[in-house]
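The data below hold one chain only, encoded as structure tokens and taken in the form predicted alone.
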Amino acid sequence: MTPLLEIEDLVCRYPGRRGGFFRHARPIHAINGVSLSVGEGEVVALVGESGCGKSTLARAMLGLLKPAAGAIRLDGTPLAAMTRRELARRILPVFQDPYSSLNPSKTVESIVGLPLRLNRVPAEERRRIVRAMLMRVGLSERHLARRPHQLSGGQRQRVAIARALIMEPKLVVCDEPTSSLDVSVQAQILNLLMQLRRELRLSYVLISHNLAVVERLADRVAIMYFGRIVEEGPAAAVFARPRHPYTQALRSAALSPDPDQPLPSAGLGGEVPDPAAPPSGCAFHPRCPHAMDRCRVETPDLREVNGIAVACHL
């Protein structure tokens, strides 16, 4: 069966810094040879520190960034062969901050109904569809005339979810969908996302640094470091026994629900390398407690071991 989304050997670059001492700066490789697939009805999570390439990969999936190399296919069709309108009907985002992603001067009805209006759906039919979608995400008709500043954070995120689903896409890219919300509201939004997944047979690409959220929602997880996937497999198996030293560090740094447990430490020295001056060999070797001489000169391939793909010489 053809996956809903296929990413093959993707490379995304940004121009290097120019001016002064940077006249001949090299381009920055934000994504460097990533391959990933998402099946129908599946939730695949992208996990990693800030700057690892998660958001760049999401922008490429949404057609907002043209890759330098590689391919992305949706239902077997290359994204490059699809128009913006076709793409916007099939894959849509839910952003991290629902307030900044909603037009503050527009009403909820106008915000959620905008994709329908752009597709020339008649006004009366548009209003009916918007009402039904608001009900589905836990809002009511009384929210139609309100503006974003009149809503709570959780209500704003429900509006953002309604807008993403109004064109009945198959795939939704959720970029840290609960990180800006209060803890009490986060659970409500997560429950809503899972309910909508079951009802509408949605697939999600979930971008998050919150391992508790990933463990709760994801079927599969891809751990990213410095523009590459270093470990990928079923979420339960990856978190139960992480193979890559970076995944192990992320797992050990996750907060425990037990208040008597001490604050965790990732046990990693240094910082993420400068993308304009990447290290030789394995990009993780300057921070890895198990680095060998081989790691400093040879980049490990992503190879499958017992159903889990790992890029590590160990």
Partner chain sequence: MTAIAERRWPDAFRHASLAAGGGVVLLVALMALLAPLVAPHDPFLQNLDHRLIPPVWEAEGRWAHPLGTDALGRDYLSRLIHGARISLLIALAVGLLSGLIGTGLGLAAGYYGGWVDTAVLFVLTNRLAMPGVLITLAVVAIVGGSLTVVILVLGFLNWDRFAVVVRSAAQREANRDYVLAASAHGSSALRIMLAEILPNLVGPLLVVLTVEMAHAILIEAALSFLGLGVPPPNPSWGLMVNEAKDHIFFHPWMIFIPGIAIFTLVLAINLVGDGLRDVLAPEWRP
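Numbering follows the first chain given and starts at 1. The model shown is predicted, which means the values in this text are computed figures rather than measured ones.
Below: the form predicted in complex with its partner chain, not depicted.
With the partner omitted from this view, the residue of P93, P242, G154, G233 that lies near its partner chain in the predicted complex is P93 [heavy atom within 4.5 Å]. Comment: its partner chain is not present in this chain, but in the predicted complex one of R85, R201, R128, R142 has a heavy atom within 4.5 Å of it, namely R85. With a 4.5 Å cutoff on heavy atoms, P122 does not count as touching its partner chain in the predicted complex; it lies far away. Using a 4.5 angstroms threshold between heavy atoms, S179 stays clear of its partner chain in the predicted complex. Put simply, S100 is close to its partner chain in the predicted complex: some heavy atom of it is within 4.5 Å. Although the partner is absent from this view, L118 contacts its partner chain in the predicted complex, with a non-hydrogen atom inside 4.5 angstroms. Of the candidate stretches 181 to 189, 233 to 241, 103 to 111, 204 to 212, only 103 to 111 has residues with heavy atoms within 4.5 Å of its partner chain in the predicted complex. Contact check at 4.5 Å (heavy atoms) against its partner chain in the predicted complex: all three of R59, L64 and A164 pass. Using a 4.5 Å cut-off on any heavy atom, none of the residues of 120 to 144 reaches its partner chain in the predicted complex.
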